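Below you will find one chain, with nothing else, as structure tokens; this is the form predicted alone, and questions on how it binds or moves follow later.
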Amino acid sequence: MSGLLGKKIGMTRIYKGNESVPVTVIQAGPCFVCQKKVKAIDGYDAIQIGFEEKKERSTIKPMKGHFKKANVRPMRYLREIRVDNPDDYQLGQELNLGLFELGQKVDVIGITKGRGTTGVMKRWNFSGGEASHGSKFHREAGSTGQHTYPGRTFPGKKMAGRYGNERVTVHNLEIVRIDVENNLIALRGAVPGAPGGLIMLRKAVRVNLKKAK
């Protein structure tokens, strides 16, 4: 499996003939191989890739040595990607959008927007109570426990709390356009996160169920 790190730019529309296609534009790469993990030593095969350079003065000494060993400049983001054979990659090797093709399906991993503490109607789509005059039950969660036995609220009960700021994977998004020179890729549909948020692209791992049927 191969992939890239990038940043979400925003959404726009691309016309394919008479069809208006909503797309998300992502700046993906260039990424650099910073470390290789092998099954004999680490228990699994993977490569560590870095994205977006940062100043050396903002890098701690152990990480400076880590990047120097790979012969790359200090990177702001580091992630591991499982691969079949780490020997196919070299330390310091640059990875770009040449890994993907037009029309290919990819998975996108990102962190959703943080909404803070919200009620059950916004967080879990509860219907709420009547909105008419005289009602005293509008947006409350209602009863959360039981009677005398067992007399407690079960773990996992849907209640008010933090909403968003979670890792989410969107599967099988189609690549509509690729600009390798400017490291830009356009994917059909929406991806999680706010503009400027970190995104991971990888080749799709699930079979498209619509085609399978």
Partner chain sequence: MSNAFIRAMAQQDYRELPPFNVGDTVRIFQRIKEGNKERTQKFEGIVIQKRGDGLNKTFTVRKIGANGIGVEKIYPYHLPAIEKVEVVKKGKVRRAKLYYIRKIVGVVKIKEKRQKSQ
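Residue numbers count along the first chain shown, from 1. This is a predicted model, so every value here is computed, not measured.
Another form, the form predicted together with its partner chain, is not on view; read the next lines as being about it.
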query	finding
Its partner chain in the predicted complex: contacted by all of 96, 104 and 202, heavy atom 4.5 Å	no
Stretch in contact, per heavy atom within 4.5 angstroms of its partner chain in the predicted complex, of 170-178, 33-41, 57-65, 144-152	170-178
4.5 Å heavy atom contact, residue 185 to its partner chain in the predicted complex	yes
Heavy atom of residue 9 within 4.5 Å of its partner chain in the predicted complex	yes
is_contact(residue 14, its partner chain) in the predicted complex, heavy atom dist at most 4.5 Å	yes
Residue 191: touches its partner chain in the predicted complex, heavy atom cutoff 4.5 angstroms	no
Neighbours of its partner chain in the predicted complex among 15-42 [non-hydrogen atom within 4.5 angstroms]	15, 17, 18, 25, 27
